[in-house]
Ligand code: AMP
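One chain follows as structure tokens, the form predicted on its own.
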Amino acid sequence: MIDLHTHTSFSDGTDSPTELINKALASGISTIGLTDHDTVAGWDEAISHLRPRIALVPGAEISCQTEDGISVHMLGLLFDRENKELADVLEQTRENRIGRMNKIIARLNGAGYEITMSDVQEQLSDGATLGRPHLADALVAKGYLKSREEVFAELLHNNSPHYVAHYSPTPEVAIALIKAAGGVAVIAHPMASLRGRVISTETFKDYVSAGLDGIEVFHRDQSAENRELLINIASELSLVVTGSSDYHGNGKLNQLGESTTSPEEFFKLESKANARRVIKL
């Protein structure tokens, strides 16, 4: 099985990279993508704990925003992490998450929720990328709600009065950066409407012009109807079709390997990188 989209405690997952590798092996996964939000900090630990029966696809899930404010997530896979332009944008995105978090906390305080940045930081592992899931965990720890899912449903969804956007590149810029770093770009869960507004189908042509390589079609947050639509778009635009779990450990219901990428599609995707960067023993 090939699962190209997972998270660890270096962003908003609950498993360490070591635990992720061990659980992937136990789940029968042969190729695992590590795609923490806006960071490559977990790569080294994952690499050091590989086993002969599993390969690592190093990557990151890059937070993007369209010109009209729609949130888009772009999976960058198999890129050169030493590429300065991409590394700088990832760092800038991470730094801007701090200012955004302070603004969200201020709005929650104004609504009567007693929460501080210190409370949120207590939920982060060392070196982790700050995000709303950590705020959700802090609110759960304070007893306001019972789970991350409840917090997002009631307080932190994209249409909430507490929501605050943060700096992020446009999808076109992110794609160009990934390609310039020798990697491949796959748009993650583009029709996951429960997360907020989604892009129009016409937008994919612009992303292909920027260098888009694939679409994450098989994902639990996309309906069967939307999957069929995305398959047709991928066929029309000659894009690779992927499937992934978007695993977050205990942070979400998603289970490793619940959606996967076929070996044939992964072969096509890997061939679009400018070097062979899949890591295996």
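Each residue number is its position in the shown sequence, starting from 1. Owing to the predicted nature of the structure, the values given are computational and were not obtained by experimental measurement.
Quick note: we don't show the form predicted together with adenosine monophosphate (AMP), though the next part is all about it.
K.L.:
Counting any non-hydrogen atom inside 4.5 Å, which residue from His49, Arg220, Arg227, His248 sits next to adenosine monophosphate (AMP) in the model of the complex?
P.N.:
It is His248 that has a heavy atom within 4.5 Å of the partner.
K.L.:
Going by heavy atoms within 4.5 Å, which of 178 to 186, 81 to 89, 105 to 113, 129 to 137 lines up against adenosine monophosphate (AMP) in the model of the complex?
P.N.:
Among the candidates, contact is made by 129 to 137.
K.L.:
Residue-level question: is Phe204 within 4.5 Å of adenosine monophosphate (AMP) in the model of the complex, judged on heavy atoms?
P.N.:
Result no; Phe204 lies far from adenosine monophosphate (AMP) in the model of the complex.
K.L.:
Give a yes/no on whether Asp12 approaches adenosine monophosphate (AMP) to within 4.5 Å in the model of the complex, heavy atoms considered.
P.N.:
Result yes; Asp12 sits at the interface with adenosine monophosphate (AMP) in the model of the complex.
K.L.:
In the model of the complex, is there a heavy atom of adenosine monophosphate (AMP) that lies within 4.5 Å of any heavy atom of Glu122, even though the partner is absent here?
P.N.:
Glu122 lies outside the contact set for adenosine monophosphate (AMP).
K.L.:
Though only this chain appears here, would Glu95 touch adenosine monophosphate (AMP) in the model of the complex if you measure heavy atom gaps against 4.5 Å?
P.N.:
Looking in the model of the complex, residue contacts with adenosine monophosphate (AMP) do not include Glu95, since no heavy atom lies within 4.5 Å.
K.L.:
For 132 to 161: residues with a non-hydrogen atom within 4.5 angstroms of adenosine monophosphate (AMP) in the model of the complex?
P.N.:
Arg132, Pro133, Arg148, Glu149, Phe152, in sequence order.
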